[in-house]
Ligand SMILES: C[S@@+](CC[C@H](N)C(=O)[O-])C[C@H]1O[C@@H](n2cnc3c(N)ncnc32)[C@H](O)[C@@H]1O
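Taking the form predicted alone, here's one chain by itself in structure tokens.
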């Protein structure tokens, strides 16, 4: 395990236990559609889901664009791509493709919408990735990114200092753990324009988002950046809070939509 490249490596090589956890975390839920609404996906659109993972969201998009459109699922993990490609109900307007060496297997100016959901925090070269995404977009196309900023997390019953220490210990899993606040500027520098930025804040009081914390623990153990006793105690307190109804987890998601062509920023 190379801590300097872990942020990419751990998506290319995923052990079975993590696959099962991701299947739960990435399952498509109808309420997620509101996160994609700013993208303005319409029937007949060609849409690229960059970092599609198991492909659940891509399948939902294929239903939105209909038979005249097409949904492309793109990922660096060959297992994700292979499993999603053989799914029994995949329609003709849906396909999955492996991304290698940072290059998208799509023609220039061929895509109406590019979606990036919790992906850009991991890419090794953000500027190069944004340039590639802009390359495949039509001049009137649009990129819609949804991403976290791990500096804005609340976990009750943990103190702010404990939250900060916990997520700082997991930070090597991300190339840019504060991508939410940095992405608008990066998009502007990459030539995108007519930008809209908002924040959607989901509050979990029942433990549905608890796998996020478990995921962070797996990273911390990989890096050995916190003593096991510390992480175990934090997780135990969170579990007890779920049981007694005092748990709360808040992770704001930045929603950033930008046109491929330069325009006024709002």
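Numbering follows the first chain given and starts at 1. Keep in mind that this is a model prediction, so the values were computed, not measured.
FYI, the form predicted together with the ligand isn't displayed, but the following is about it.
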Query raised in the report: Does the 4.5 Å heavy atom contact test between residue 69 and the ligand in the predicted bound form come out positive?
Result: no
Query - Residue contact check: residue 192 to the ligand in the predicted bound form, 4.5 Å heavy atom - result: no
Query raised in the report: Does at least one non-hydrogen atom of residue 144 fall within 4.5 angstroms of the ligand in the predicted bound form?
Result: no
Query - Residue contact check: residue 166 to the ligand in the predicted bound form, 4.5 Å heavy atom - result: no
Report summary line: Answer among 75-83, 158-166, 192-200, 136-144 for heavy atoms within 4.5 Å of the ligand in the predicted bound form: the stretch 75-83
Query - Residue (of 173, 130, 123, 179) lying close to the ligand in the predicted bound form, criterion heavy atoms within 4.5 Å - result: 123
Query raised in the report: Using a 4.5 Å cut-off on heavy atoms, what residues in 41-60 are near the ligand in the predicted bound form?
Result: 50, 51, 52, 53
